[in-house]
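The chain below stands alone and is given in C-alpha cells; this is the form predicted on its own.
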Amino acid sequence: MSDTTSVFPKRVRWEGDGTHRIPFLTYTSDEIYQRELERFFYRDHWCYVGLEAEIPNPGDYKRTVVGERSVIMVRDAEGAINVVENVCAHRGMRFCRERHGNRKDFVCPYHQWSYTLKGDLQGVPFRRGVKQDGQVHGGMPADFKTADHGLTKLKVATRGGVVFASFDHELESLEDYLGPVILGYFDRLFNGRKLRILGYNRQRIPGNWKLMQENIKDPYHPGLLHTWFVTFGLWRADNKSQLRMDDRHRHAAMISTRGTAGKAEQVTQVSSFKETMQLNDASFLDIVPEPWWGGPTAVMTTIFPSVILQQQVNSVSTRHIQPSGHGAFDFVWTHFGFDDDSEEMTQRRLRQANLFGPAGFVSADDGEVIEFSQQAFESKPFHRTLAELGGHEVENTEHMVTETLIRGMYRYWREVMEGESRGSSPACAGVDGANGSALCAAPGPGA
C-alpha cells in the first residue's frame, strides 16, 4: 500500500528524535486528528465519563462523550453503572438528547426501538408484522435476534467515585493504566469519601484538544500569565514544587505548596505581579487547610487523554476535554465537594471555584491564549513550537521551571501515533478502528 493513503502525513517533520520542538501541523491536520481519535480515544486508553455522584439513583443518566462519540452513563435497577453508546442499533440515530435525567429504559424516537438500562434491545415495534385480512404482513426475518442488536456497550471502571469507560474491552485495568505514582495522587483526592456535586461550567475553546493537556502540564506559565496566582501566592515559580509522571509519560501531576505573596524578588519583577491589587471580598482567600492534603496546597493531575483533576486549595473539580474537530474542544468542569463537608466548607469551595471556568479569575486567561495559539498554528502549519525549558530530556523534577511534562507527553504521542496499529502487519498498520481507514507505517523521526 502506498504512503499516499496513510492517515499519518509524511509531511509532519520533527526535528530529530526528541519532542522539544513540536510541529504546528500536529494541531492543524484533520488526518492527524482522526488518527488521534482512533488511537487515543477509541482504543487502548481509559476515558473519563463522569462521577458516580452525578447518577445516584437507579435510572439516573448523564449524556457525555468519549472522543467525538456520544455515550450515556447510566445506573441500572441493580445499582450497577453502565456506559452505552448513544447510537440506536436500528438506523443509527442519537436517541438521547437531554444531558441528565431519569428513565426506566431508553427509547429511540425514530422507530421506537427500546433498550434496557444495560443496553440490551427489548422491544421492536411490528417485529412480528401486522395482521390484515387474515394475513401477516412485514415483520422482522425469522432469524432476527434481539440479543444481537443491543447498544454498543463500553468497558467500565470506577474508582473513588470516578467513572472511566472505553470501547476497547481488551484494555488493561484502570490501576495499571494510571501506574502507581499517578494512582497515588488520584487516591489522594478521591479517597473514598462520598462526593457531592456543586455545579458545572462548560465552554467551547477554539483550539486543538492537546493544548489543554499541555496547559496543565506546563508549570512555567501560571507564575507569568495569571496575575491572580502570582499576586496572591497560590501558584508561583518559587513555591515548593514537584513534577511527576507515569512510566510512559502520558499522565502527570504538578504538585505545589503555597508561598508567601510578594516576598521573592524573582516574583515581584514579573509583570503580572500586582503588589497593590486588593480584593473587595477577602473571603476569596479564605483558605482552610484540609487533613487529606498532606502538605501540598495544589495538585493538578492530567490523565491522558481526556481529563484534568484539579485541587487548588479548597476548590476541587474534574475538567473533561471533549474534542470537536482538530481546532476546537468543549471543556466541561464538574465542581464537587464531599458529603461530610460543613456548609461553611461548601460555600468556601463555591467561592474559590470563581477562579476557574470560562470567566474564572485564572482560567479565562488559559482559554484566550489557547485560542490565539491555534490561530497562529493555522496561519503557518509548517512551523513548530519550542518546549526546551529545562533542556531536551524527560524527567521528574523538584521545581517548576521546566517543560519536561510536555516533552514527556509528546514522547508518548509519537510512540503511539508513529507506531503500528494493534494487530497490524509489519508492512502496514491495516485498518484503524471502526471507520475502516487504512494506515501505513509512519515515517521515522526526521522524515
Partner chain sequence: MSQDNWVDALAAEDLPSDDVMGLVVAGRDIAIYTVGAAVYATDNICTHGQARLCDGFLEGHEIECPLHQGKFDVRSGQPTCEPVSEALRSYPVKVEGRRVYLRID
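All of these numbers come straight from a predicted model, not from anything done at the bench. Numbering follows the first chain given and starts at 1.
Missing here is the form predicted in complex with the partner chain; even so, the following discussion is about that form.
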Using a 4.5 Å cut on heavy atoms, which of Arg91, His169, Arg128, Arg97 is close to the partner chain in the predicted bound form?
Arg128
With the partner chain left out of view, which of Ser114, Thr227, Ser324, Thr158 would have a heavy atom within 4.5 Å of it in the predicted bound form?
Ser114
Residues in which of 128 to 136, 184 to 192, 160 to 168, 334 to 342 have heavy atoms within 4.5 Å of the partner chain in the predicted bound form?
128 to 136
Since only the chain is shown here, I'm wondering whether Met300 would be in contact with the partner chain in the predicted bound form (any heavy atom pair within 4.5 Å).
no
Though only this chain appears here, would Gly123 touch the partner chain in the predicted bound form if you measure heavy atom gaps against 4.5 Å?
yes
4.5 angstroms heavy atom contact with the partner chain in the predicted bound form for Asp105
yes
